[in-house]
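This document contains two forms of one protein chain, each encoded as structure tokens and listed individually as structure 1 and structure 2.
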Structure 1
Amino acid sequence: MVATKQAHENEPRRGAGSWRRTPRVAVSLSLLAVALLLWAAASASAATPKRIVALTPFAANTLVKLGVQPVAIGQTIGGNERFAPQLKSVKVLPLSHPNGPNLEQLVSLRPDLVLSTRTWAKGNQAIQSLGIRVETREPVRVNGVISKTLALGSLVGKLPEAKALVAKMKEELGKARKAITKRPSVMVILGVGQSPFTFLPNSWGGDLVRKAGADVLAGGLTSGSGFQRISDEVVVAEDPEILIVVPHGDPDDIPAIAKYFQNDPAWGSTTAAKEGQIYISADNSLLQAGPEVGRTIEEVRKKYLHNWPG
């Protein structure tokens, strides 16, 4: 009973003390929150890579659009990659099998992020073992450009810029795909030397041409890689209205490869050959993913499919 009384007597004093302590608690909590915010900001800043090496045209060109200048870009030996003009002064790392870039050269650049592709899987593994962060953010299909751009933006601390870029891309894509009324049958061929490979609908180029309004023919072939060796007999049997050939090889050999396929007698009986609709796409836009996907689709429609309004 005594204890209860004492307790009651103490209550107001405890209440008054807690009121007095309230500002101190609030100040402490505020300081803690500020400290946490500062720590989080510092961590985010430390995690944002500053020295980035972009081994693919998509990564390099997207970085430029996000306002980030890579310390180096990759270029396959004898390759014909399309790079933004802003990348002209950036160091170029030659890429060769099996590692991709020369690892000594790469290490000397002190990168804190390497944007690579699965093509250089062995090299990626070796780069990671050197304590360098490696990320692969390559779109395989047209729709992937949106998600991969956002992922890249997030990686390099430029998410708002990435969102703005994606909004612009979507708008351009919408414009590029407007009023598709004609859907010609098309085969897209990768000419490696004198060997034809077909772009399948699951390849970058196949998907892009399909998005441009084509009915992409593949002769029933499938492959996880998106490409498959195709017989001339299948090309003739499929009888496409349009053939788009992407010559692949040493830049010096491209004109000869293009000429060979444009005059390939094996395809002479196809509608495409009869109507003079065998086109050459030599700028790699169907082979390599790029951020300017809307413009590329528009070009495909205008140059090859002839289904652009007006």
Structure 2
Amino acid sequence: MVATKQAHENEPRRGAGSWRRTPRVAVSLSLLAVALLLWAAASASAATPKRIVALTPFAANTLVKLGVQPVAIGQTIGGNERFAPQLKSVKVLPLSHPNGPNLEQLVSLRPDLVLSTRTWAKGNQAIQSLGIRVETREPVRVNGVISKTLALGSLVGKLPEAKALVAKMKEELGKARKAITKRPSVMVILGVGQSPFTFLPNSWGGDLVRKAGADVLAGGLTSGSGFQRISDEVVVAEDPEILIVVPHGDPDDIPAIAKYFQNDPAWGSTTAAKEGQIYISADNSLLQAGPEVGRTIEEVRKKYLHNWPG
């Protein structure tokens, strides 16, 4: 009995009240944790946009693949063939430099989110001044498609779907880049009216054509924008094996621009002209990003580079 009493006396002393408070504190903390989780879930739900305007092919087509239908999409230079079939009946907003969409038309749609790009930086500021949320989740390189898809999925509350889409994209990219053995020299030209601008390796189209296996020539020019005005003399000096021209202008002018560059006599001495390898890409796929990047690389290899196996 003495030993037992001493053992009890040697234990840390606890006030009688502390035994009663501990369960209450635990219960209170549990309730607080539940409350915080419910609040976070409610906040996430409230923050998930419902009426989305997607101004780029990447944003519009990615939304559809994630199971989200935008209330409007932005016009593309190459026409509506860039868009998924599910977007056929969606309103198309005309875009003009440097502002992007007409604000009156945009406001009438009552959007709670506009997915835009840095191209429309001035317009983005005007849209935000009206209290409309603007976000840019636009890839400028092929590898950026993966991270931007995940970011877009998180933004619209579709992260699991975005992860599944990314897995499919990676698989398609792997197949599209298989067995590249032929690497022709290529210049990608943006034809603005009758003025040529070269796609630099840091542009979407330049990077995509490089990923398809081309040695992209740019006359030693550099620019943060990914494009630079180039002279016919530099094109001739570079002497590319293949020239890919992306006509840029009003939709009605595209055929005339394409015809001009495809028959440009100033390029007549280039290997590309002599071999009949001046190609026109008028579907916008080299100018603006899209989630179907694997398929686009495969098409570039088959139609322009001729380095697809078999």
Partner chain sequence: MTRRLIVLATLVALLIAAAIAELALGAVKVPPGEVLDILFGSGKAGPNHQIVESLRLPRTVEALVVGAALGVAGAILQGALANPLASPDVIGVTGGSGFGAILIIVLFPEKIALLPIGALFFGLLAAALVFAFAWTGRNRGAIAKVVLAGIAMLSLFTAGTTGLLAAFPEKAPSAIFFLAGGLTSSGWENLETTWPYFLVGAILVAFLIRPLDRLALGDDVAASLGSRPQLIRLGAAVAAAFLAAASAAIAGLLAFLGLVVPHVVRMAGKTSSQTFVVPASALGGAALLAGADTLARTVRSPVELPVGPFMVILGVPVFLWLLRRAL
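Nothing here was measured: the structure is a model prediction, and the numbers come from that model. For residue numbers, the reference is structure 1: its sequence is counted from 1. In this text, the rigid core denotes the largest set of C-alpha atoms whose superposition between the two forms falls within 1.5 Å.
The form predicted on its own is represented by structure 2; structure 1 is the other form.
Relative to the superposed rigid core, the position of the CA of M169 differs between structures 1 and 2 by less than 2 Å.
Once the rigid core is overlaid between structures 1 and 2, E104 counts among the residues whose Cα shifts by 2 Å or more.
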